[in-house]
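Taking the form predicted on its own, here's one chain by itself in structure tokens.
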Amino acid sequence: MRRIVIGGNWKMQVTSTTEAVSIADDIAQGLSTLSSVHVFIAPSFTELYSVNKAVKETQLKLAGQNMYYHEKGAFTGQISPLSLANLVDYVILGHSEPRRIFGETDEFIRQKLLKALEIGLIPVLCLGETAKEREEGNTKAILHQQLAGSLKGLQIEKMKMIILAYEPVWAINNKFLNPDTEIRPATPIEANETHTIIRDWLKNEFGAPVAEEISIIYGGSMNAQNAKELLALDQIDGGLIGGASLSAEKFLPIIRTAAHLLENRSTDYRWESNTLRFDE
């Protein structure tokens, strides 16, 4: 069975060490009975050391929000993967904000992904199309392009270590990414379709056994209210959460939903007239 992974990407939303440690501690305490789900949070780089100390003996893991692919050198402002590996288990790569705002290319992301695997970090590789790309019918082409460019030349055994995160750009609450687009989460049908596109590509490139082992999580305005419909789908193996990960009160219900659905996977929902229905 694939890993169920719930990650919290704090971006630049928490800038106080005291606040970061407090939130992380609350989340960690709430995980004591939820061991079936793999959970990480990604604080700002400046908060990682303190949060690492606070959650070291708990089930809560940490992630870096990005990294560079050189281990050391004259690269002002970059984060060494070696420094990161001392503090975290995961690293988020290819998020839409670095891709679309700061111009990161698939090849640049591939270099970082290879380095992350080399030093033992678990890459969370993000993929996703803009509203315009979707409206023009290019969702599949964009996802294939990002997958091929970011995973080019990767060995099959390394693929099993990677987590993929489908994050439609139009579902991310960021005015620089979406100045004129209504922000909304993907519907269950949209999410199921795109996750199927990604898994089918993996089957073609790496074979069905490998494709079925890789966790593909959904990101983009997931919260406690819509988590059940999204996480219940067989193709969705967790979530990469933004705003709803900034407090234990909002984050833990999503994790509890994932844990419950993991215990009852594929047994309590059905499609009816293109709508997801749950059996109580």
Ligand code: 13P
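The first residue of the sequence shown is number 1, and the count goes up from there. From a predicted model like this one, the values you see are computed outputs, not experimental measurements.
The form predicted in complex with 1,3-dihydroxyacetonephosphate exists for this protein as well; it is not shown, and the discussion that follows is about that form.
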Verify the flagged residues Q65, P81 and K115 against 1,3-dihydroxyacetonephosphate in the model of the complex: is each one within 4.5 Å by a non-hydrogen atom? no
Identify, from the list I241, L31, I41, L230, the residue with a heavy atom within 4.5 Å of 1,3-dihydroxyacetonephosphate in the model of the complex. I241
Evaluate N138 for contact with 1,3-dihydroxyacetonephosphate in the model of the complex, applying a 4.5 angstroms cut-off between non-hydrogen atoms, and reply yes or no. no
Examine S221 and determine whether its closest non-hydrogen atom to 1,3-dihydroxyacetonephosphate in the model of the complex is within 4.5 angstroms. yes
Is there a non-hydrogen atom of V88 within 4.5 angstroms of a non-hydrogen atom of 1,3-dihydroxyacetonephosphate in the model of the complex? no
Please determine whether E167 contacts 1,3-dihydroxyacetonephosphate in the model of the complex, using a 4.5 Å cut-off between heavy atoms. yes
Among 213-221, 230-238, 23-31, 57-65, which stretch has residues whose heavy atoms lie within 4.5 Å of 1,3-dihydroxyacetonephosphate in the model of the complex? 213-221
Heavy atom within 4.5 Å of 1,3-dihydroxyacetonephosphate in the model of the complex: which residues of 166-195 meet that condition, in order? E167, A171, I172, N173
